[in-house]
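One chain comes next, on its own, written out as structure tokens in the form predicted on its own.
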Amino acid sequence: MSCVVAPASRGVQARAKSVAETLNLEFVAIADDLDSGVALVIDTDRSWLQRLQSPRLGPVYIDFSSADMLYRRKSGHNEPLGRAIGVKGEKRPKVFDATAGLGRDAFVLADLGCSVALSEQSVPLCYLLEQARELALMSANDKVVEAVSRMRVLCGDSRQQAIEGFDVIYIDPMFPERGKTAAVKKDLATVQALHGDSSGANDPKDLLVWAMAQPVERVVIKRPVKAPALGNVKPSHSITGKTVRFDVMVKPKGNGR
């Protein structure tokens, strides 16, 4: 069962049907009757993902002004990502996020001052990312508005997008990591189930080969702390946080932009 579109209640059936038609996805009136795949659940003011197979996990939202995202802004543990991308002094690289997912790292980078293109192959995730961006632009928090104004969503295969003008390509293969909270595991499992329905989902190693051939200054890959380098490609250097490591591939002079 691929991703379906379902209404949160009978009152939003027409809206859910319209979204299903726009996204070219199957509409179902009641997702609870299904036991596999993922549902994009449409409500009056927001939407979410719901994994359908057992065990049923909680809903997965994208909300750039959520308490969790605001905590990440203040906690300081975003520094390793910023350093890996090349944020330093007044320098704010232009970033192509080739695996946008739920957009959390992209938001962090935008909050640090980078312009970020969020490229996502999953149609339902693209819909949620754009909806979250539009809602965040109406936030009462000026910092959130400033950050999302630096973000734009691109739907489709990252390898088919125009890369000119970017300084960095960022890749997060979404590998499971030890010690993750139940909430993060729920989000990861749901997104992986969504990508599992896509026969054309990019292999991370292929994505790295593609990224290294692009006209950018560096490629950054997010990895679990103790995991081997992606594709066994030795990075120029790595920046390690508490639970993740960022492998940085600095392109030779003349091989970048």
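None of the values given here were measured: they were computed from a predicted structure. Numbers follow the displayed sequence, beginning with 1.
This next part talks about the form predicted in complex with a small molecule, which is not shown.
Review point. Looking at 38-46, 224-232, 51-59, 186-194, which lies within 4.5 angstroms of the small molecule in the model of the complex, counting heavy atoms?
Key: The contacting stretch here is 186-194.
Check your understanding: Which one, 83, 104, 94, 150, lies within 4.5 Å of the small molecule in the model of the complex by heavy atoms?
Key -> Only one listed residue qualifies here, and that residue is 104.
Review point. So in the model of the complex, does residue 130 come within 4.5 Å of the small molecule, heavy atom to heavy atom?
Key: Although the small molecule is absent here, residue 130 would stay clear of it in the model of the complex, with no heavy atoms inside 4.5 Å.
Check your understanding: Can you check whether residue 174 is within 4.5 Å of the small molecule in the model of the complex, heavy atom basis?
Key -> Yes, contact at 4.5 Å.
Check your understanding: residue 157: heavy atom within 4.5 Å of the small molecule in the model of the complex?
Key -> Contact with the small molecule, yes.
Check your understanding: With a 4.5 Å heavy atom cut-off, would you call residue 136 a contact of the small molecule in the model of the complex?
Key -> No, no contact at 4.5 Å.
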